[in-house]
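Below you'll find only one chain, the form predicted alone, shown as structure tokens.
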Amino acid sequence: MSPLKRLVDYLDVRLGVRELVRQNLTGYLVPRRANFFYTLGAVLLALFSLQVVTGILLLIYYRPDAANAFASVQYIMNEVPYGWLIRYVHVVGSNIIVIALLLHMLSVLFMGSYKKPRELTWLTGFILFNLSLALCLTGYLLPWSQLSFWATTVATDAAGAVPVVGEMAVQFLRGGAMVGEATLGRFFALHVMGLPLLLGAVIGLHLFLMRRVGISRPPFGPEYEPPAPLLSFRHEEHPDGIPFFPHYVAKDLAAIFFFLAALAWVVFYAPALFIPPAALEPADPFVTPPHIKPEWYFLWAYQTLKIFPSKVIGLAVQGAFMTLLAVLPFLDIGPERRPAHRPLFVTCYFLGILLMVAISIWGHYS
């Protein structure tokens, strides 16, 4: 008997590992028509793990104070062996995560996978999306470059438009009247400890809800029918599906390596795509660079504030839009998920995407 089999037998007697493997891997069936978009959850888990590893490595040399932050980043880039690679992977990886999150959210919307009984799964996913954006925002300031300093100044200024508590919100975010040492300390603490812990907890809840309720069947093909109304809890089974392992895991791995290849291409051939020249200059509070803009995923919000005559109205529009997204499962309560049978929703869906892209492009060139 081989040592591996003896180890498996030992664990099986005490933990029932063979039954666990059967229930969660080889015997767990997923929808046969599950497409590329169903793999995005695994892609995001892999990318988040990569961010944790590269972030820990960067922490070894990074110094979170205004006098040394920029110099420590330059030391990582120029002196630490492969430091440039670790930093580029971390920076580019954060942008790839936002792309994957957007694709994941848009696919869930298009296929109606947010509907009953998956309202809580959607809400936790929506929270994860916003936590990820908060992580990107807090991490953006840490290099203490000219771009990160002034982009953070612009971003925190927006909070000042909130009625009554606006000034207090700005003071709280910055730790003072202006972006400075206190702001860097607060953003550093949030980026490396507060937000990752919260993100990890919500990821765990999201995965639990997904596994507990079951993976939704794609609303395509002649055999698909809207589910019967649920009167009690029921885990969605797929008796005609494919085993999670090894069949579906192979799909997940293919998608993960596709995104890793895209990340590697940007890192080695086009890092300036996410690290413009202003990000290579040290922060100077006394020199305001022209045309400072936030990252591409915040451009729609940035331009919305400029469109309306009052920032209060712009913030109200943004808040209404995000609230609508959050509560959508409680408004769209019909059982129908097939896109062809939801013409009004699909029309609004594509018009909304076009509007967001157009506003973002406008914000980039304005």
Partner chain sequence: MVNDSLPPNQRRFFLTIILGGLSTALAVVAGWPLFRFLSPDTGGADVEIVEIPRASVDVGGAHFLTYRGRPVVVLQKSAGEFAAFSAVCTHLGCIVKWVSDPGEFLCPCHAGRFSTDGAVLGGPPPKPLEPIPVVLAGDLLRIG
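Treat the numbers as computed from the prediction; the structure is a model and nothing was measured. Positions refer to the first chain, counted from 1.
The following text describes the form predicted in complex with its partner chain, which does not appear among the structures shown.
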Contact between Phe172 and its partner chain in the predicted bound form at 4.5 Å, heavy atoms? no
I'd like to check something about Ile86: if you look in the predicted bound form, is any of its heavy atoms closer than or equal to 4.5 Å to a heavy atom of its partner chain? yes
Would you classify Pro290 as touching its partner chain in the predicted bound form, given a 4.5 Å non-hydrogen atom cut-off? no
If you check in the predicted bound form, is Pro81 within 4.5 Å of its partner chain, heavy atoms only? yes
If you check in the predicted bound form, do Phe48, Phe345 and Phe350 all have a non-hydrogen atom within 4.5 Å of its partner chain? no
Check each of Tyr224, Trp265, Phe258, Tyr75 and return the one that places a heavy atom within 4.5 angstroms of its partner chain in the predicted bound form. Tyr75
In the predicted bound form, the residue from Leu324, Ile60, Val52, Val312 that sits within 4.5 Å of its partner chain by heavy atoms: Ile60
Determine which one of 312-320, 32-40, 60-68, 295-303 lies within 4.5 Å of its partner chain in the predicted bound form, judging by heavy atom distances; exactly one does. 60-68
